[in-house]
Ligand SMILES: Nc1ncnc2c1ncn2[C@@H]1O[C@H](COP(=O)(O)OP(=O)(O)OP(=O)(O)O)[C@@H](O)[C@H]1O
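As a starting point, one isolated chain is supplied in C-alpha cells, in the form predicted alone.
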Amino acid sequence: MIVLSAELNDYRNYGQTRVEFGGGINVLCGDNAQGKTNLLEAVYLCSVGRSPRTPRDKELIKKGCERGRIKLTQEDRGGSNTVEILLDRVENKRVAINGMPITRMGELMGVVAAVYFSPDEMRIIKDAPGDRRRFMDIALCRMSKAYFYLLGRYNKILAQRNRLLKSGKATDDVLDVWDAQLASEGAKIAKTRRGYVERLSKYAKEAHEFLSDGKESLCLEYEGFEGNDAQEAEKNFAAELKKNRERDRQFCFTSCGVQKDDIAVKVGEVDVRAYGSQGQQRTAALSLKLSEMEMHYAQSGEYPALLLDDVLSELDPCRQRKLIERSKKYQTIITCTHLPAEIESALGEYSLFSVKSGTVTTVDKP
C-alpha cells in the first residue's frame, strides 16, 4: 500500500496544500515548527481516526478558522481509495471513504495502513502499561474490525460495571450478570492479544538484532490472564472478578481485567521498561514499530506506509544506516531539519520536499 497524495485545508499551520508522494522514500526537510510533523500527523489521522499527538480534534484546526479538512488518496492491490476528514470547532469530526460518509469509526480501519514513529514513541517502552496496551490495540484494530468492535463492547461493559459500583447498588446478583459479560469479552481480548504478542515477538527479535548489528536480542511477553484457550482465560478472569468484588465495592471501580494488561520487553535478561538505557529503549520502541510493519505484511501481503518523525537525529550512525536500509522495503516518509551527506548517500533514490511555514514544495535533486 502507498499513500499517493494528501490535501490539507486549514489544518494546523497549513492553509491549502497538496503533496504527491513517491512510492519509495520521501524526505520532508525544513526547520523546526514549519509543519513537517503536522503533515505526518494528518496521514496517520486518516489511518486510525485519531492524532498521535492530541485527543482533542479541535486543536488540529488552523488558528482563526472554524473548520479544517484532510483528503488522502492511497493505492493498494485492490485499487485506490480516498479518505476525507472534516474537522469542526462545534461539531464532531466527519469521515468519508470514497465520498461516502461513515457512521462508525471501525469502518475506517484498514483503509489506509500507516505506522507512525517519533521520539515520543519511546513511551511505548518506558511509560505506563496503558501505552503498550494502546500500541497493541491500535495495531489489532487496524488488522481486524472484529477486534475493534470487541474492544468497544468490553469498554462499554466495564464502564457500566464501574457506574454500578459507584451507585452503591452493586448487589451480588447484579454483579454476577455484568461479570459474566466482562469475563466473556475480556477472555477473547486476552486470547487475541496473547497470540499477537507471540507473533510480534519473532519479528521484533529479528528487527532488534538487525538495528543493533547483532549485539542485542529482544524478547516480548504478554502479561495478562493465563489460559490455553478463551474458555480457560474466561474462567480465570471470572474467578479474579469474584475474588476482588469487595475491594471493587470499596473503591468503586473494577480492579482487574484486560484494562490492566501489559507487554514485558526484555533485552537479554534486562527488563528495558525499567532498567534499559535510553538507547536500548529507543531501539526497542523502533523494533516494535518495524515488527508491526512485518505483521501487517504477513496478514495482508502489503506493507503499510512508514512515518518517521525526526528519528534519525536520535540514532547513532550505525542505527541510522540500518534504519535507512530497512526503510527501502517500504514507502517511507521521513522528516528532518537537514540531510547530512552520509545519510543522503545511503538513501539512494528518494523524493525530497522542502517544508516552510506550512508550504510544501518538491525539490529537484542534482
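Each residue number is its position in the shown sequence, starting from 1. This one's a predicted model, so the numbers in the text were calculated from it and none came from an experiment.
Keep in mind the form predicted together with the named molecule is missing from the figure; the text below concerns it.
**Q** The named molecule isn't shown here, but in the model of the complex, which of 313-321, 26-34, 295-303, 326-334 has heavy atoms within 4.5 Å of it?
**A** Result for this chain: 26-34.
**Q** With the partner left out here, check for me: in the model of the complex, does some heavy atom of residue 66 sit within 4.5 Å of the named molecule?
**A** Answer no; every heavy atom of residue 66 is more than 4.5 Å from the named molecule in the model of the complex.
**Q** Might residue 38 be said to contact the named molecule in the model of the complex, defining contact as any heavy atom within 4.5 Å?
**A** The answer is yes: residue 38 has a heavy atom within 4.5 Å of the named molecule.
**Q** Indicate whether the named molecule has at least one heavy atom within 4.5 Å of a heavy atom of residue 61 in the model of the complex.
**A** Close contact exists here: in the model of the complex, residue 61 approaches the named molecule to within 4.5 Å, heavy atoms only.
**Q** Please check if residue 13 has a heavy atom lying within 4.5 Å of any heavy atom of the named molecule in the model of the complex.
**A** Looking in the model of the complex, residue contacts with the named molecule include residue 13, since a heavy atom lies within 4.5 Å.
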